[in-house]
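The form predicted on its own is given below as one chain in structure tokens.
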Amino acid sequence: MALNLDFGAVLERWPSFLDGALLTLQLAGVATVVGGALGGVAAIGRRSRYPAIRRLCEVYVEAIRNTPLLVQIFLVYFGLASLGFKFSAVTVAALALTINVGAYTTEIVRAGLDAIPRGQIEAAEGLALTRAQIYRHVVLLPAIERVYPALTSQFVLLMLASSVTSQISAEELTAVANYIQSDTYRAFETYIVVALFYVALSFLMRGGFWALSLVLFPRRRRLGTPL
């Protein structure tokens, strides 16, 4: 049986695809920035001298990493509604994605922190640097530099995983595709176009992270070290 592809009716909806792609990038951007910060704080908390803080961060990480993202989205969506908090689907989607990526970022950053040699910290202490200066310049920034490729990959995966937020009617790229294929009856062509959009968004994000690395880690640029 011959495959009959007709992209005409699908491509006529390109403004809708662009709107969905923009919302996908916005969701990924918010979750990346806020979730990245949350993960950094939780990673430091997992190394805290206080057992209660370490335990709290551990429970957060294990709870998120051992449950599906879709279930987490439903818990946030229906949980907040049952408590009387009314938020839009987009707000709930951004919140759930932030909580999710924060847990994964925690473990990635913690691995980078654990990789910093103790002697490097002792040398900084010998130079009479403050605790804040040591953590920022000697521990945190070098740790992030070590795990930067893993972090960027995780954030790109988050962008791709944002497709499941269509289940709560957040009108990102996959949700738009669902509407278009139901109107045009061209499901195969619609999802081919959507797949190409996701590939383009992935390359766009990776390019952005590469450019950011040139600013954050100029030493690598001087040495020509790949990320």
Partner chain sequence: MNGSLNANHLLFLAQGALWTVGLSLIALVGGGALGFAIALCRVSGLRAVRLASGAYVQLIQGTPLLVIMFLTYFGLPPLGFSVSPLAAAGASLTIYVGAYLGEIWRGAIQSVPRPQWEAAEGLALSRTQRMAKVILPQAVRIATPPTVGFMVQIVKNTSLASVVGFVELARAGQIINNALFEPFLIYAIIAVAYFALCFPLSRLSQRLERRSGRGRTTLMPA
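Residue numbers count along the first chain shown, from 1. This one's a predicted model, so the numbers in the text were calculated from it and none came from an experiment.
Omitted here: the form predicted in complex with its partner chain. The next part is about that form.
Heavy atoms of residue 183 never reach within 4.5 Å of its partner chain in the predicted complex, leaving it off the interface. For residue 179, no non-hydrogen atom is located within 4.5 Å of its partner chain in the predicted complex, even though that partner is not displayed. Although the partner is absent here, residue 48 lies well away from its partner chain in the predicted complex, with no heavy atom inside 4.5 Å. Although the partner is absent from this view, residue 65 contacts its partner chain in the predicted complex, with a non-hydrogen atom inside 4.5 angstroms. In summary, among the residues 53, 41, 199, 33, the only one with a non-hydrogen atom within 4.5 Å of its partner chain in the predicted complex is 199.
No residue of the trio 85, 205 and 208 has any heavy atom within 4.5 Å of its partner chain in the predicted complex. Contacts between 187-206 and its partner chain, taken as any heavy atom within 4.5 Å in the predicted complex, involve 187, 188, 191, 192, 194, 195, 198, 199, 202, 203.
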